[in-house]
Structures are given as structure tokens and as C-alpha cells.
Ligand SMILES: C[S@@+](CC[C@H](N)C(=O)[O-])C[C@H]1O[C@@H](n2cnc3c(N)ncnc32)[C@H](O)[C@@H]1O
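Only one chain is shown below, in C-alpha cells, and it's the form predicted alone.
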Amino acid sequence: MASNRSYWRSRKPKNARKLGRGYLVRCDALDLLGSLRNECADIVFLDPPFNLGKKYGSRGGKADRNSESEYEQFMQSVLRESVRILSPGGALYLYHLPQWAMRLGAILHGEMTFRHWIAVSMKNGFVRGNHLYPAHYALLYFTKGVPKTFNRPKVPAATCRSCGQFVKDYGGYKRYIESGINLSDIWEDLSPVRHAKYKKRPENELPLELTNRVVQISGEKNGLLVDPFVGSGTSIISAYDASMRYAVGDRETTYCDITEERLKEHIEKKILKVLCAENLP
């Protein structure tokens, strides 16, 4: 079981908000990572801006449009700090475009143990210039040596919406997959972008199923999840439900407010659900 001693390097940041089992800090990614002590984290989850010139919160597109060299230098610093704070056997997940996953993954080579390049299927891609149809986002999975926690979740076998039959022929093995099939490194059963109906912000937002799966694979009770690009708080919900601690942050005040409100609503719904179940005849 993970240690419960403080994960701050000296003292927690002044603007850290206590939130459930952890803290939410409004700050730059490197400031959050720099405030954490060596080898304190069990999972570092990174979903940074992709340097595509998108508008995030109150900042214009220029905040997400730097030269390639500037962006790579920034991400190198983020990765170095992420490796520093990871405990032995801890897991690092980096969600990015394939072209950047390749370059940033090479930086981790030698310092971390490569586990998987997970392809998260893109549902609504568009042909770009003289390139092939881009059909996935990359989720890189590294560990600091041999993983101390590794679970292999099972997922339901895909069935036809019309007839209800399996879409693949499992032959004589059908009876073995009734409880689910082993998770692979191609995730086609979830969308990389949360549906607009459920989003908490105008910008892209990861689905809860994705971060749930990350925590299912590498999380442990009382372990620490660190997410310096928390956005609208998807990872913090997954960590909370898995009884993990967390230190997360974002430079945007708006996103920190969304994350705080989202977790509070989530906790209230869970409490209400328990109370209703206890009052059932």
C-alpha cells in the first residue's frame, strides 16, 4: 500500500485547494510538478495541450501555439519532472498525437520502461493533405522499472446493435468470453472525446471511461495520481472512485473551478445513491 506521508516537497502551494482526498492547484504544469517530492507518485497522467493553436479558457490560441522547438523543450521539462516524482514501479501515461508521441516517447527511452503504445480510436477524423486518414490518438504507457501494480481489465465482447450477436467469430471459445475479453492496446470501444452533451467546457474533454481504465490498470488504494493538465477534472473523478489520493492542477482558473464543482457534484451523487439504497425497504 502506498505511503500516506505528505507528497509536497516542503509545503503545499499557497493556492492549493483541499478537495476530497487530495489537492487542486491553479498553476502552471511545471510549478505543480516542481512542488512535489521525489518518488511520491504512483501514476502521472499527462494530457497536455497539443500545440495546435486552440483556445483554452481565457487564453487565446497563441497560448497553445509555440514553435516546435519551444514546445518540445517545455514537454521535455514536464517529462523530466514526471520521471523524478514517480515512485519505483510507478506508471506514466502520455496522451498525444502520434507524431508527438513518437518524439516525446523517445525522450523517455532509457529512463523508463516502455510498456505499450495504446491506440485510442478516433471516430470522426478527416483526411489532411497528402496524409492517410488519421484514425487514432496515442496513449503511451511507461513504467519506472517493473510495474508495482498492473491489472488487466476485461471489456465486454462487441455485439451487433441489430441482432445482439458477437461481431467476431470466437468459435469454440465463446463460452470463455461471457465474462469479457482481455483488454488490448487498441481501444475502439470508447471515444477519445467526451460527447458535447456531457462536456463541462467548450474545448475537447476526455471521456471518464479512458481515465477509469488508466486507474484500473495502474492504480492502487491510497496511491497518488498526479495530473498537471487536469482541464475539466476527468482524471480526478477516476482517482476518487478508486480511493486514490491526487495532486492535480491547471493554469486556468475557470478549469480549476469546473474541476472543483464537478468533483463536489460527483461526491454528492455518490452519497445520495448510498442513502437511497439504505432506505430501500
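Numbers follow the displayed sequence, beginning with 1. What you see is a predicted model; the values in this text were computed from it and never measured.
Keep in mind that the form predicted in complex with the ligand is missing from the display, and what follows is about it.
Engineer: On the criterion of a non-hydrogen atom at 4.5 angstroms or closer, are Gly22, Asp42 and Leu225 all touching the ligand in the predicted complex?
Structural biologist: Zero of three within 4.5 Å in the predicted complex.
Engineer: Only one of 252 to 260, 237 to 245, 33 to 41, 214 to 222 gets a heavy atom within 4.5 Å of the ligand in the predicted complex; which is it?
Structural biologist: Within 4.5 Å of the partner lies stretch 252 to 260.
Engineer: Indicate whether Glu205 is a 4.5 Å heavy atom neighbour of the ligand in the predicted complex.
Structural biologist: It does: once the ligand is placed as it appears in the predicted complex, Glu205 has a heavy atom within 4.5 Å of it.
Engineer: Mark Phe150 yes when one of its heavy atoms lies within 4.5 Å of a heavy atom of the ligand in the predicted complex, and no otherwise.
Structural biologist: Judged by the heavy-atom cut-off of 4.5 Å, Phe150 is well away from the ligand in the predicted complex.
Engineer: Mark Phe166 yes when one of its heavy atoms lies within 4.5 Å of a heavy atom of the ligand in the predicted complex, and no otherwise.
Structural biologist: It does not: once the ligand is placed as it appears in the predicted complex, Phe166 has no heavy atom within 4.5 Å of it.
Engineer: Does the 4.5 Å heavy atom contact test between Phe74 and the ligand in the predicted complex come out positive?
Structural biologist: Within the cut-off, so yes.
Engineer: Check each residue of 229 to 249 against the ligand in the predicted complex and list those with a heavy atom within 4.5 Å, in sequence order.
Structural biologist: Residues within 4.5 Å: Phe229, Val230, Gly231, Ser232, Gly233, Thr234.
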